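Quick heads-up: it's one chain on its own, the form predicted alone, in C-alpha cells.
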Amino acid sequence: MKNKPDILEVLHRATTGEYCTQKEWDTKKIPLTISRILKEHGLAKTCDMENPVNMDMELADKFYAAGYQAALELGYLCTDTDRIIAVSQEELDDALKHAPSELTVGEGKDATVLKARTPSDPYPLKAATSLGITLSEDIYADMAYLIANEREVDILEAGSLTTIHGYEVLSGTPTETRMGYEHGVMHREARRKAGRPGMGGMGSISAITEYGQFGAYGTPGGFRNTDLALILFPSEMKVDYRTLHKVVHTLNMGGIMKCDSPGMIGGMPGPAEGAVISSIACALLSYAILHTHVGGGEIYDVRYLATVNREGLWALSMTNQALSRNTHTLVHNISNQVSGPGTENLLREIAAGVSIIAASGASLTTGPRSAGGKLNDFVTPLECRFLAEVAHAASPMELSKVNEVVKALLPKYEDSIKEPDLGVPFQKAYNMETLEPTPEWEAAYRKVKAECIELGIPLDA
C-alpha cells in the first residue's frame, strides 16, 4: 500500500494537478459533484426537521460513504495556482489508518488527552475556549487569564488581537509577525498566571496570514510544539499558500495541528445534506493532504450565520456520527451561536449545539461564538465555563435523550435566530474591579443550568 503523500509531493501537486479556476470550482465542480453523489447514495432530503439529532446509524454510515467518495473525486483546490491537489484511494486509506487516535495537548499534569470517541462514549468531549472573537488590547490579558482559570476548560484558545501596543496590525506585514509573537507570549503568561503552565493552547488565532503564526508558534516564550497550531482554510474544500505555509511551518517545528474548514449549508454544496458530504470529505482529506492531527467536520449555515437552527443541528449530529463511527480520527466541531453575553438564549444555544457534538462522538469542540463572533469584546468567561460543562456532562448521553433535550430547548430561542439579542460586551457583563460576572449574568447562568439539569443533561453529576 502506498503511503500518504509527503508534504513536498503535496506542494508539487499544488502546481501540477488538474487545472481548475476558482469560479469553475465554486459554480460547477463542487455543486454538481455533491448533488450527483447525494442522488447516487439516496441521501437527498433526508434532513429531519422534527428531530435535530440523527438516530439512524445506518444513515450516518451512508453519509460517510458519500463523503469518502467526494473526497476521492474532488480533492482540494489550491487557489494560488488553480490546480487540484488530488489523492488516490490508497493514499487516503493509508492517511486515515495512521491518523492519531489519541493526542496529548499541553504538558505534564495540566495537559489534555484527546481520544477518538464514538456516539455516547463515556470518555468526555474536550473543550477549547473561547473562539477567536476580537478583544480590545487592554482586556486581552485579563480575559485570557479568566478563561484559563475556569477549571472545566481543557484547552485555551482565547480571543484575537487587532492592535499591539496601540498600533493597528496590518495583514501580511511585519506588524503581523510581531503581533503573533506578542500574542503567543501573552497567551503563555495567561496559562501560567492561572496556575496551569502546562495547559494546552491553540493558536495563533490572531494570525490572518502565515506571518502571525511564524511569529507565534514555536518561538521562545510563545506557543509550544505541544500546543495545537490553528490552521483554518477557505470553504468549500479550498487551500491556499497561506494554509500550506502554516502546515509546513508546524511540521518544521515538530508540532501538532488542527486543520479545518466548514461545509456551508446554503452555500456551494447546497442543502444541509450536501454540506454534510462536503464537510466529511474535507475532514478526510485534511489527513492525507495537510497531515493534520485533529480534523474538521464543521458545519455553518450561511443563511443564519449559525448552526443552532434545526438544519444546522441535524447536520452537526450527522457529520460527527459519520466520522466517529467510521474512523478512529480525532474529530473537531463547533456549534455557532447567535445570541450574546448576558442573555439566557446564548446559554440555551450552547447547550443545544454542544450536547449534540458531545453525544455524537466528537473528540474536541471549540467555542463559544457569542453574538455570532461579530462584535469586539462580546464574549465572557462564564459562557466558556458553561460550554465546557455541557461538553463533559453530555458526552455519555444516549442520542435519543439528547434529541428530546434539544427539542425542548429549540422553541425557547429559535424564533429569535434571525434577529438575536446580542447582549452586552465583557465590560458590562462583568464587574471590572472584581473581574466577576454581574449578579444578573450569574443569575441567568444558574437559571439555564437548572433548566438543562431538569431536561436531563447531568450538569449536577
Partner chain sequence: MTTQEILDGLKQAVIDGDEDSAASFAAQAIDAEIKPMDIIKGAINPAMDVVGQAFEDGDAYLPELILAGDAARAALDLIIPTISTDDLDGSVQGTVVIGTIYGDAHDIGKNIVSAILAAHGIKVVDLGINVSPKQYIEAAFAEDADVIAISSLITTSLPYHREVINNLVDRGERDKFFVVVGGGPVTAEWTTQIGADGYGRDARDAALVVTQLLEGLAEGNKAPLAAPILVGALEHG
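Numbering follows the first chain given and starts at 1. Just so it is clear, the model here is predicted, and its values are computed rather than measured.
Unshown form predicted together with the partner chain; subsequent notes refer to it.
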Within 4.5 Å of the partner chain in the model of the complex, heavy atom basis, the matching stretch of 23-31, 432-440, 51-59, 403-411 is 23-31
Wondering, does residue 113 line up within 4.5 Å of the partner chain in the model of the complex on heavy atoms?
no
Could you tell me if residue 41 has a non-hydrogen atom within 4.5 Å of the partner chain in the model of the complex?
no
Taking the partner chain as it sits in the model of the complex, is residue 424 in contact with it (heavy atom to heavy atom, 4.5 Å or less)?
yes
Considering only heavy atoms, tell me if residue 168 and the partner chain come within 4.5 Å of each other in the model of the complex.
yes
Interface residue in the model of the complex among 196, 238, 245, 224, criterion: non-hydrogen atom within 4.5 angstroms of the partner chain:
238
Can you pick out, from 72, 139, 164, 208, the residue that has a heavy atom within 4.5 Å of the partner chain in the model of the complex?
208
Can you name the residues of 289-316 that have a heavy atom within 4.5 Å of the partner chain in the model of the complex?
302, 303
